[in-house]
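Shown here is one chain on its own, the form predicted on its own, set out as structure tokens.
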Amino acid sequence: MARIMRRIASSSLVRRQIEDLPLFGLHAFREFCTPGTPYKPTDITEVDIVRKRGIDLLHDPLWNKGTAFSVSERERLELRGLLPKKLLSMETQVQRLMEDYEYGRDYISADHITDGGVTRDHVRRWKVLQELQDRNETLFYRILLDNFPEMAPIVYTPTVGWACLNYHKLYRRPRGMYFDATDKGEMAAMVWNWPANEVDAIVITDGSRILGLGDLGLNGLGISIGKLDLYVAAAGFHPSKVLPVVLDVGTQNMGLRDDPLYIGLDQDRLNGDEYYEIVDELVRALTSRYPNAVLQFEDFNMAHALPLLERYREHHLCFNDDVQGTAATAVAGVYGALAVQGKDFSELTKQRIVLIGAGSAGMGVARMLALGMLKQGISYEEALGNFWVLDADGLITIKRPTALNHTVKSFARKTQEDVEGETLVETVRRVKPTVLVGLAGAGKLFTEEVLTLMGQNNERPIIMPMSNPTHKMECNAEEAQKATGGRAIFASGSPCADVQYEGRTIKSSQANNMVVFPGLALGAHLGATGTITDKMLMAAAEALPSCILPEDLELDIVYPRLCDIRDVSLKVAMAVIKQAHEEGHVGSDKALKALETSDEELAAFIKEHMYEPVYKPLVSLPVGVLE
């Protein structure tokens, strides 16, 4: 160690770090020795002195090592949580970059580019926007906001699915925080490595059910990043005050674990009490440092999505977008479809709804639609009679031989008929539904026969294949219109092109949560509501049809145009704050004062807090001087 000390400055801080190197874990340095050779301090012959820590160090191209920082370096340089846990050597980093250099890989497989899914143009544009965001976030969000309808599918669905599948191959620089099962007991300290002292919105995933792509482990961070890009662009959250988070508790995806470039934990997923202890610790850590932030849970599998929501929703300002955001979006879409037909909200109680997909998203939609029927005047029990829910084993009834969770069980058909396990086409033929919703994420389940039956049984069938990404959708717009004679009122989770049918253009709507969750989160945050209730979600859903232009209703468009996304988020936020006030949940004096003055004052209050991506004059404060 004396050889090292002679090479460095006499700073006591530097000297202490060098003297304490072994205390941070000798195993971190043995990886640089010849395998089988004992570690000796003299093996370390030189050090470099840096004057940066944390995110500043990772953004410095001269000193940044990326995933090659050792365990002890991560400790003493405040990098824990800012990098994925797995260490990749420089040799592996070189291998990854050389593969890109030699072959220019875009990592697109055949099933991604079918049926209007992710194309090489999507990938090229995603890379251009990512590179811009790394250089200049203000310019990135200016361009995204000005071109939102065109670019939303690039930064979010469907391209974000491709980005998550390949996140470990695309990783270039830190954007968000990484926590994993080995960090137990350390998360409260790790969260302080994030540089922002104020965070207004956090999106967290455990990567267990990314879109319709399944278990992607640590790669799920891509979905948190994409969501928060929409928080900023669509609702005006400040980009310095949002935090993407992934909790890596392992993965069952052996394809990822066998990939030498995968940067997540190589272990089976945690479950049971151990899993919930880890999530509890992370939620405590995040909410302790950022008590005013909205916490959004994203793409957790059904086994954990609903239990986690019930675990925290009464005590934290949180929601689950897959369960609640998708549900509010579906309700808004059905209301929009009724508006297209010239009907009011009360007609919801007369709809017969067949829904395929009994996961967290599907059951969230079913429950919210049932609550909508309750609000429109019938009992909840009567509302349940308007639903037929199917999963991979067919129609779900009370005769299902396997156990059902309590949410699914409440929607099981109570019938003496022998229809347990009935296929989708059999159910549609027998029930003659008015609304067909898909959230199974299993591809082309809305066959030509199913769609034809919808057209035969309804003058204006409502067809909503809401699964993401594109190649997981139950059908596309062209298939729906051709099978129904161009009469379908159509909305899909991923974007679909307008359809040319018998000499006319039929518009296709997108049932994407981005019309709901940014405004919902904004209203809850600015209102300091402390919780997000079912009634607040319903208020968000009911606000959307009023944002549809009359001329768009005549074109069968059931959601507001994305080019007006800021105005849409504003109106959703206003509706959320008003409903929160009715329930006694508004904790912000400024929001309360604006609300009690007038709608115009409330709108002005919200607009005042929406980030606008423009260049402003910059000044520098000396170190140690507070703003």
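None of these values were measured; they are calculated from a predicted model. Note that residue numbering begins at 1 and tracks the sequence as displayed.
Beyond what is shown, the protein has a form predicted in complex with a small molecule; the following relates to that form.
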If we test each of T427, N513, T484, S492 for a heavy atom within 4.5 Å of the small molecule in the predicted complex, the one that passes is N513
Check each of T529, T157, T434, S208 and return the one that places a heavy atom within 4.5 angstroms of the small molecule in the predicted complex.
-> T157
Sort through 165-173, 317-325, 471-479, 197-205 and report the only stretch with a non-hydrogen atom within 4.5 Å of the small molecule in the predicted complex.
-> 317-325
Should H304 be counted as a contact of the small molecule in the predicted complex, where contact means heavy atoms within 4.5 Å?
-> no
May I ask you to state whether I223 is within 4.5 Å of the small molecule in the predicted complex, using heavy atom distances?
-> yes
Is there a heavy atom of K227 lying 4.5 Å or less from a heavy atom of the small molecule in the predicted complex?
-> yes
Indicate whether the small molecule has at least one heavy atom within 4.5 Å of a heavy atom of D180 in the predicted complex.
-> no
